[in-house]
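Following this are structure 1 and structure 2, which are two forms of one protein chain, each written alone as structure tokens.
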Structure 1
Amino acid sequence: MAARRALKAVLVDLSGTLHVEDSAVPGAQEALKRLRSAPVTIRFVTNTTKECKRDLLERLTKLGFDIAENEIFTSLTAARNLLEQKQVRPLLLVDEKALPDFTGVATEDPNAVVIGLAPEHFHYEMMNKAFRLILDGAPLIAIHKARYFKKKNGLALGPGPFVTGLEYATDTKATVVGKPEKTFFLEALRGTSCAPEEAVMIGDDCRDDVGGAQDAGMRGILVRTGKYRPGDEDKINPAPYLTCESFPEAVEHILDHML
């Protein structure tokens, strides 16, 4: 086996890894402090489509985590980067609370469509508007293609089905920017000037966090908190580089074995 390059960057998932809803994973704050003592760049990555960076930061600071705004990379950021790269003006079908992450992006006379989790926009009229734009050549950018998610009163459709419907109707393919797409992880690492082989991802979602990261060339550590279910580690191939109890244990392993 080829010698591994030294670890230079750590990507940390938020929901389910550092915190679960409104309470922090026990010991996570101290673990983060210890990780900062190491010579690694840290990035906090999440697939959220409903919270802008400021809201995320506020929530994490309240829970006692020491995080800077520029260390947070969300799928919204990835979408914004793509819009700037393609120089297009989007029709934003995203949650209102996500709009602050798109300030400065022109939206008049749209020639692109961005879809996030925004049930209030998924009605017939708005879907037709998006459909006509895409049929005329506008690129379709999906924050992610989650099929559904769990709400208090049952399951609810995610953006995935609606993106699929539009892909079918327009005979095009959406560009998906969130986890587990490779581009998401590569974008997250862009600001760190580290190669994927020099980075590790810590997350609770085996397919989206660990699987996606490993497909991008990184190593993945699966933690048994959040949405983890026993047996998840067998669901991806190759298996996670490491499966451990929680974020603090993952940090221990990194400090002891990976630097």
Structure 2
Amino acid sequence: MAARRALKAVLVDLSGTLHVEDSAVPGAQEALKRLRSAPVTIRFVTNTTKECKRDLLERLTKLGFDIAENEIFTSLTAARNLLEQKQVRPLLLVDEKALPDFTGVATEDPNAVVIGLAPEHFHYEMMNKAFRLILDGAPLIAIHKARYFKKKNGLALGPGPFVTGLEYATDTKATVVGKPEKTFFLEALRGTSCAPEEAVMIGDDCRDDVGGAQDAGMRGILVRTGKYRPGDEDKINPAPYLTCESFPEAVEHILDHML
């Protein structure tokens, strides 16, 4: 088997990997500082649609993480890029806190449907509005299709079940822009001069983080924090390159064995 190329980039998930809501994963801040001492490019990749990039950065800074805005690549950014490419006017089913990332995007008389995590919009009247638009030919764009995510008080439904419901009702397939899509991971690497084979992804979602990254040609490290549940390692094939207890343990493995 061909030898692996030297590691040049580390992609890091945010929610569930570095933090859960307003609590950092123990030791994650110091681990990130140690990782920055290595000769690798670091990018933070997230499917979060609960807040815009500015608010997300503010949250991470308050938790003590040293992260620059240009190091963060979000599925909201990917969704906006697609809307601009398609030149469509979306019905935006996203959290109000995410709307700043769509500033300047025309939304009057919508001819597309965009769905993120938006519990306040997931009611019959709004879902029926989206349903009728799609029946009339509007494309369905899913910022991501996560089944669930981790909150402080337990697991909670993600946008995936609602996207799937609209797919079923309209007999269409959504265009997914976030993880685990290969294009999302390749876009995150743009500008790093790194090939997928020179990158590793660290995350708590076996399918979207690890499986998606490995399908794109990277290695994937699964962490047992956030939404992780026992047995997740067995849900993808090939299995994760490595499973660690947490982000700090993943960083130690990278520093000791991957450089």
Partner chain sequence: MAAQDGGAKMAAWARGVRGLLLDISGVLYDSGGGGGGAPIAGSAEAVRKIKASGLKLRFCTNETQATREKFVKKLQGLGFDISVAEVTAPAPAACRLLKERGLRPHLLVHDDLIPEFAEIDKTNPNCVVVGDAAENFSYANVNEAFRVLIGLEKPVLISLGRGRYYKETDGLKLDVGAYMKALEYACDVEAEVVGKPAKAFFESALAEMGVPPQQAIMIGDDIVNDVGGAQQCGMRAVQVRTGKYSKRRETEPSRQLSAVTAERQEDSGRSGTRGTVCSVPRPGCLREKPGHRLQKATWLPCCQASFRRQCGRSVLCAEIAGPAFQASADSAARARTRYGAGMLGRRFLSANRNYWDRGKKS
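Sequence positions of structure 1, starting at 1, serve as the residue numbers. As the structure is a prediction and not an experimental result, all values here were calculated from the model. If you superpose the two forms and keep the largest set of C-alpha atoms that fall within 1.5 Å, you have the rigid core.
Asks: Only one of structures 1 and 2 is the form predicted together with its partner chain; identify it.
Replies: Answer 1, the form predicted together with its partner chain.
Asks: Can we say the CA of residue 187 moves by at least 2 Å between the two structures when the core is superposed?
Replies: No; residue 187 is a residue whose C-alpha shifts by less than 2 Å between the two structures when the cores are overlaid.
Asks: Verify the C-alpha shift of residue 71 between the two structures: is it 2 Å or more after superposing the core?
Replies: The answer is no, as the C-alpha of residue 71 shifts between the two structures by less than 2 Å after core alignment.
Asks: Aligning on the rigid core, do we see the C-alpha of residue 159 shift 2 angstroms or more between the two structures?
Replies: Yes, shifts by 2 Å or more.
Asks: In Å, how far apart are the CA positions of residue 126 between the two structures with the rigid core superposed?
Replies: C-alpha shift for residue 126: 7.2 Å.
Asks: After superposing on the rigid core, what is the C-alpha displacement of residue 175 between the two structures, in Å?
Replies: Between its two positions, the C-alpha of residue 175 lies 2.8 Å apart after core fitting.
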